[in-house]
Ligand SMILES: Cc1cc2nc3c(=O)[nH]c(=O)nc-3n(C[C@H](O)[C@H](O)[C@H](O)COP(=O)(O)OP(=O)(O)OC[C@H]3O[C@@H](n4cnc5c(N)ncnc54)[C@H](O)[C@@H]3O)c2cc1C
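Next up is one chain by itself, shown in structure tokens, the form predicted on its own.
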Amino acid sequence: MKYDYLIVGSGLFGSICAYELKKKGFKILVIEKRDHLAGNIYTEDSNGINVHKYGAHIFHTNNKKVWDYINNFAEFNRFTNSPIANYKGKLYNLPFNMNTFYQLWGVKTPKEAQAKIEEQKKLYHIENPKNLEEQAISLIGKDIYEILIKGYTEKQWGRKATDLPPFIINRLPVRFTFDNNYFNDKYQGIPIGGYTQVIEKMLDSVEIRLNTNFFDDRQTYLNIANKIIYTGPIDQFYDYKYGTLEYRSLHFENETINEPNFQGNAVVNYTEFDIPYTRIIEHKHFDYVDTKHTIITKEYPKDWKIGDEAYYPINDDKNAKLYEKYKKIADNEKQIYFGGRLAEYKYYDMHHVIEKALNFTNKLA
């Protein structure tokens, strides 16, 4: 064998594995089907603005070990995620907090806001929510659901809220303080100079082949290394023998605007259903850069098909059962390891990926 490890994919999971295994003295080859490194955290400098090419990536964690680790590869700024929601031309603060409640109802105290939410919840008498709509109303009442959740969620998932499982809404924060910080995590920010440099530093002394698809010469790559770390879709690895796992995908439309500031915020969500995109990202606000122009990205959710970029796994019962079939085979592999969001059919935040990759490589000899 020419290599100790072949790593398929140069995203965060694969790149950390390569970096850590290289430190242990192993000979590594990373192959990447795209023409660039870094997977979906890839950022591209466009006349002084770092554009998040595959959607906004905001790093946040409570794990100091993870924070210290990622800061070895870049200095992070103090960016705080404070998105705004636009519903029929009116603006609301996110996450749901006292600013939001004041904008909706004119209430000024937590007691008044809680009373308003409880008043709306009692009208529906939902004890055991059966779908996302019932879960949302049981948590925060009808007004917030209809103005800030319903349209956005139905666009995002391509399904009616009454056809979506309740758990999807569980991670939305609700606060009775005037705090627009979306994340509660102690550490958060964005690397100064973008994310791509992080991966470039991780892979600095590792052999890399871009524009190289594992499946174009599968047999060669299966025999080129003693072990393989595969970060692509697990069902594709097994030729979809049990069926295809489902995802939602995204389409991005970028626009350069000859003015220094378009919307005044990094992320503005458009929560009404009739507007086809879910949000507009203005990239310069991630880095606080001073340019005479700005770049925005409109993010359109879309149905996924094989060949499209897979963003959000559809974690319903059907797909969960299908994934378990593939996982059962994968768990019995002796020389092939599966890791990352596509190989594990799970939506991971970046700090979760780092934890998983470090724990995984620590177990390898």
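Residue numbers run from 1 along the displayed sequence. What you see is a predicted model; the values in this text were computed from it and never measured.
We do not show the form predicted in complex with the named molecule, though everything after this point is about it.
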Fill in: Segment assignment from 300-308, 65-73, 320-328, 38-46: heavy atom within 4.5 Å of the named molecule in the model of the complex
38-46
Practice prompt. Look up in the model of the complex whether Ile31 has a non-hydrogen atom within 4.5 angstroms of the named molecule, and give yes or no.
Written response: yes
Worksheet item: Should Ile58 be classed as touching the named molecule in the model of the complex when contacts are defined as heavy atoms within 4.5 Å?
Response: yes
Discussion item. Contact with the named molecule in the model of the complex for Phe273, defined as at least one heavy atom pair within 4.5 Å: yes or no?
Written reply: no
Worksheet item: Looking at the partner-bound form in the model of the complex, is Leu250 within 4.5 Å of the named molecule by any heavy atom?
Response: yes
Worksheet entry | Sole residue of Tyr145, Phe96, Phe214, Tyr152 within 4.5 Å of the named molecule in the model of the complex, by heavy atom | Phe214
Worksheet item: So which bits of 329-361 sit within 4.5 Å of the named molecule in the model of the complex, heavy atoms only?
Response: Gly340, Arg341, Leu342, Tyr347, Tyr348, Asp349, Met350, His351, Val353
